[in-house]
Structures are given as structure tokens and as C-alpha cells.
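Next up: a single chain in C-alpha cells, the form predicted alone.
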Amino acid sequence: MDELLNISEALKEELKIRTKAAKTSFDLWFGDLNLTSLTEDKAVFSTPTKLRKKILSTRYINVIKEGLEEIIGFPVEIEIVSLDSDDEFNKSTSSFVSNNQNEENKEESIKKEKQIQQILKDNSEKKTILDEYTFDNFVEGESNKFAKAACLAVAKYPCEDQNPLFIHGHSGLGKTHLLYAIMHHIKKNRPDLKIIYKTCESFMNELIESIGNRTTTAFKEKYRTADVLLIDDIQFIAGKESTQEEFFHTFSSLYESGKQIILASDRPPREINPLTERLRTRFEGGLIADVQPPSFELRTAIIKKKSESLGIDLSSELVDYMAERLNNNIRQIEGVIKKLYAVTSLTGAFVTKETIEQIISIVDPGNIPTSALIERILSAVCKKYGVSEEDIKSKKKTENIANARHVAIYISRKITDLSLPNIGKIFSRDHSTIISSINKVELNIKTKKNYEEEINNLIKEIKIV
């Protein structure tokens, strides 16, 4: 039961980030959502009423599915049942409600739901996935030593010397872990400070909403009275003129008041384009720390620590094997270990090299030979946009073919380790044309509704082929 409760709580934290819903709306739809059973193929959630079940099943089922996959490390079918429907709830494999639920009335169902909520309340102090992101749990190596030291200095002495602190590095290397570690440290040692953490996208959405609702004064008051402001994925501010304007004034107000600003990005300030020069100079005006891909020794240490924390017994040979295969980023390692934990917990099977190999092939397509991965990319993109591989590699510039070509190039860059010149050879394009294609897709992600989801769905399809 404890594991299901912990997963439920971790999922709610993940959903808060993904839905960006106001607290009232979030509590209404997700506050009473509980994981009642989990197998390797299916997760069953309970909610008190039929109305909530309907809303969650129609409007939020995908975000629940994606959020749960992020936590447990593998995709499962999602079923949501309501406690005020005896027949439906009996069909679930709930570990909270007895199998003779069909003999109990609606009042008893609600009573049991209250009992579940009491259990959740009693376990509210249990750690969630975000509570794991502390300095103690951050595995240090040469590739991230300076970044960790910089973050720890800011956490110990906020609003003093290192301001702003700008952390950059490719996705999955631990930047968000460091931001949360800073927050946890400050909350523990300086509870008097007002801390605000936001992703750049969330900040932008909140700004847009405040403009629409004519509540910009409250928006400005909220951010400009922070003692510590942390913005993740700040690179998404590129090209957003109104957001850059507001963030400039927020930044200036906090900086001039001696407040701490911490920013994280997948690239250094000079590579965030288009970005106003006055913001760029402010981003570069403090301490810049980069996080590099982990070395073999660091990957080994991470695998050992994370597997031990989950009670997974790995021999030195298996640890070394995983460290050799998982050489992209820390998130890649975490995803494999989460799925390894889930599979071994559910099946009781011993960990073997074959088990690890199978999980890696599912979780990380980057371990597939590059040639095979490029074939998957071309096949998926051609199918999606109704073009041929010859079209993509040709000189044709019709809108549909050009878009498909840009997407194929972008995904090739995103999920393979090929250099830009090598990608250019595959698509018969020069280096500058490859960069142009990547920039066009990144611009479309920022400006076109549902475009990012379209790209992410393609990447998911490529990963599970």
C-alpha cells in the first residue's frame, strides 16, 4: 500500500507541473484521485464521483498517463473508476476496497474513500519524487562538480554574491535536480524567505492569463516580491517579446532589491535566440555554470546509488554493463532503473543482462544502432506527413515536404548523437541548412499550437517501434 500511496502523491506533484491548473481547479479534479492498483500493463485510479471520473477520463487521461509513465518509467493502460458506482468499482483490482464491494451500498463506498483519504493524510509527510532532489542525493562528478558547488553556495547564502546564477547543459543532466535542491535547502534553513519556482512556459502562461483577466498588477506583485526566483527552461523565452519585456522588469526589480535569481537552460545565454541584448547581458552578469554529460565513473556511481535506494541488487558486472550502455544523460539512467525496479517488483524476476538489455531498448532508443534509428525516424515522419523518403532527401520545397524534412532533421538531432555535418550527409544538406531546419522546428514549437505535442508523439512512436 505504501508504494501505491507514494506513487499517487508523486503523480499529483507531477500533474501540478504538467497541468498548470489553479489550486482550486487542481484540488477539485485531482485532489481525490488515488492509485488503487498497478500491474505491468495497467493502472487503476479511483475518484469519488461519476462526474469526476468522466472529466478525468475525457480531458485529463493523456496527461495522467504521461505523468505516471514519467514516475514509474514505463507506459501502462489507465482506468479510472468512481466510488459512487458499485459495479464499476468492483471491476477494478483495488487494493483498498474488498472484493465483496457489490454487497455494500453507496454510503459504504464513500466511507471507504474517506478512509483512503485519511491514509493519504497520515502519509502526507512521506517523501515524494521531488523530495529526492536534494544535494545529498545529487551524485557528484567532474562533469557537474562546479555547478553543484555554485548551487550549494547560493542555497547557503542566497541574495548575496552569485546573482544571477545561470545553469546550462543538455536535457537530462540534473539541472532541475539542482534547482529543487536549492529550494529544499533554503526552505529548511531560511523559512522566512519567499521562494517561487516556475518553468518558463508556466511563467509565460501565467502572464498571458493575467493580461486576459486584467490582473497584471497582482502578477507583478507576486513575482517582484519574491526573495528567491527560480526559472527552469528559460530558453523558451526566446522570441516571446511580451514575456521578455515583463521578465526584464521583474529581473531588474529583484536584482536591484538584492533578491536571488536562478535560471536554468539547455544552452548558454549567447545561444538563446532571439533574445533582447539587455536580457542577455543580465543573464551573463552573474555566475554561469555548465553541466556536462556524466563520465563512466559518474554513471557507475549514479547507477549504484539509485539501484541501492530502490533495493535492486546489481552485481559489479551488471553495473559496469549499464554504465557502458547508458552514456547519454542521467535521466536516461533513471528511466532504465525505474523500469527495472517495476519489472522486478511485479514479476519477482532476477536481474540479468538480458533483462537490462530489453529495458534499455524500450526506454532508450539511443542505444539502437544509429542507422536503424535513422530508418525509424524517416519511416515515422514519412507516414505522418504522407511523403516518401526520396521526397525528404530531394530538393523539393513544397510546404508539406519541407516541413517533413525539417521535422526529420530536428528529431535526428534530438535523439541521436550524430553531429550536424553527419546529419547533413544523410539528408544531402550542408551544415547551415541543417541548423536552419532545426531552428524552424524550434520556432514552430514556440509559436504553433499543438506543434510540440505533434513532435513529441512522433518521438514516442519512434521509441516504441
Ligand code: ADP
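Numbers for residues come from their place in the sequence shown, where the first is 1. Every value quoted in this text rests on a predicted model; they were computed, and no experiment measured them.
Omitted here: the form predicted in complex with the ligand. The next part is about that form.
Residue contact with the ligand in the predicted complex: K306 places a heavy atom within 4.5 Å of it. Heavy atoms of M322 never reach within 4.5 Å of the ligand in the predicted complex, leaving it off the interface.
Although the partner is absent here, K339 is not a contact residue: none of its heavy atoms lies within 4.5 angstroms of the ligand in the predicted complex. Contact check for A155: no non-hydrogen atom falls within 4.5 Å of the ligand in the predicted complex. Of the residues given (E334, D290, E79, D391), E334 alone sits with a heavy atom within 4.5 Å of the ligand in the predicted complex.
Checked against the ligand in the predicted complex, the candidates F74, Y133, Y223, F236 yield a single residue with a heavy atom inside 4.5 Å, and that residue is Y133. Proximity of V139, T176 and I330 to the ligand in the predicted complex is complete: all three residues have a non-hydrogen atom within 4.5 angstroms. Residues placing heavy atoms within 4.5 Å of the ligand in the predicted complex fall in a single listed stretch, namely 176-184, out of 246-254, 348-356, 158-166, 176-184. Contact residues in stretch 18-41 (any heavy atom within 4.5 Å of the ligand, taken in the predicted complex) are limited to E40. Distance between the C-alpha atoms of E40 and M322: longer in the predicted complex than here (change of 3 Å or more). In contrast to the form presented, in the predicted complex the C-alpha positions of D417 and S171 draw closer by 3 Å or more.
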